[in-house]
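Shown next as structure tokens: one chain only, the form predicted alone.
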Amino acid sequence: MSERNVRIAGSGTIEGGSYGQVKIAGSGKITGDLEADEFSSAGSALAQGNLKAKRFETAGSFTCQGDLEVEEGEAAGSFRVVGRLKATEMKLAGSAHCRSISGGYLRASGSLETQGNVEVETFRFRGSFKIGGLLSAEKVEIDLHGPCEAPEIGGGKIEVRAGGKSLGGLVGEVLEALFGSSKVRELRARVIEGDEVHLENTVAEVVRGGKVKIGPGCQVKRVEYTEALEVDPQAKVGEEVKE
């Protein structure tokens, strides 16, 4: 990687290219594709092309009009990727919008919206999301703090729990602004399929799994299981099929 470093303090523009460190404090715009060992921004940053970084960190407002690829990344505030997000490890807090997400470990809290798939190894989420395509991960952990929606969810171990305490700080403010104090904590999906499935406050047409637990607040039309099924008295299941 290039040894060139660039820093913006205040307002400025960075040309695309290859850099060692890129730091923005204030308002910065990147013209063209950029690749860096380290990228950080605090304030407002706009990347007009693709961005690739080994280490990525942003706080405030960040928009990438192309694809974003990072090895290790963190974003807090308003985060938008018009293209695809690919990350080995990514942590999001606040409001995030992406076309699609792929990679290894994804931890997010707040609100998340994608037009396409989310395909990672581990998906840990607290808040509210709307995923336009498939949500797939070997391990799925969802803590509901608002409405969540995905057409299909698939994985090894899937756990969905009704959120406990309200989220504080920036994440709480985001959800409060989006859904108000009486926000519904509920997951809606057409199909949920995994080796082990534990659901709360979930509305689904079909749930498939080896070991399946349908907890309180669930409404499921059909459950298909191969090993064991447990249904809470406060849940509604239309059809139970052992395969």
Partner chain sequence: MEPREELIPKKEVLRLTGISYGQLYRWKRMGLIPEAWFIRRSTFTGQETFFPKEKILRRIEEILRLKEEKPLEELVKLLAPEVIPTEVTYPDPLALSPIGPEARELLWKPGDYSFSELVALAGGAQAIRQGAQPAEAKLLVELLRAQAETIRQPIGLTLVLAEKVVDHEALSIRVAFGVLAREPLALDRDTRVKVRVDLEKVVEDVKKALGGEMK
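Remember, it's a predicted structure, so these values are computed and weren't measured experimentally. Positions refer to the first chain, counted from 1.
As for the form predicted together with its partner chain, it is not shown, yet the points below apply to it.
- At least one heavy atom of residue 154 is located within 4.5 Å of its partner chain in the predicted complex.
- Although the partner is absent here, residue 78 sits far enough away that none of its heavy atoms falls within 4.5 Å of its partner chain in the predicted complex.
- The closest non-hydrogen atom of residue 3 lies beyond 4.5 Å of its partner chain in the predicted complex.
- Residue contact check for residue 117: one or more of its heavy atoms lie within 4.5 Å of its partner chain in the predicted complex.
- Exactly one listed residue, out of 149, 121, 71, 143, brings a non-hydrogen atom to within 4.5 Å of its partner chain in the predicted complex: 121.
- Contact annotation: of the candidates 131, 137, 93, 106, the single residue with a non-hydrogen atom within 4.5 angstroms of its partner chain in the predicted complex is 137.
- In summary, the region of this chain contacting its partner chain in the predicted complex, judged by heavy atoms within 4.5 Å and restricted to 59 to 67, 42 to 50, 207 to 215, 27 to 35, corresponds to 207 to 215.
- Residues 190, 191, 193, 194, 195, 205, 206, 208, 209 are the members of 190 to 209 with a non-hydrogen atom no more than 4.5 angstroms from its partner chain in the predicted complex.
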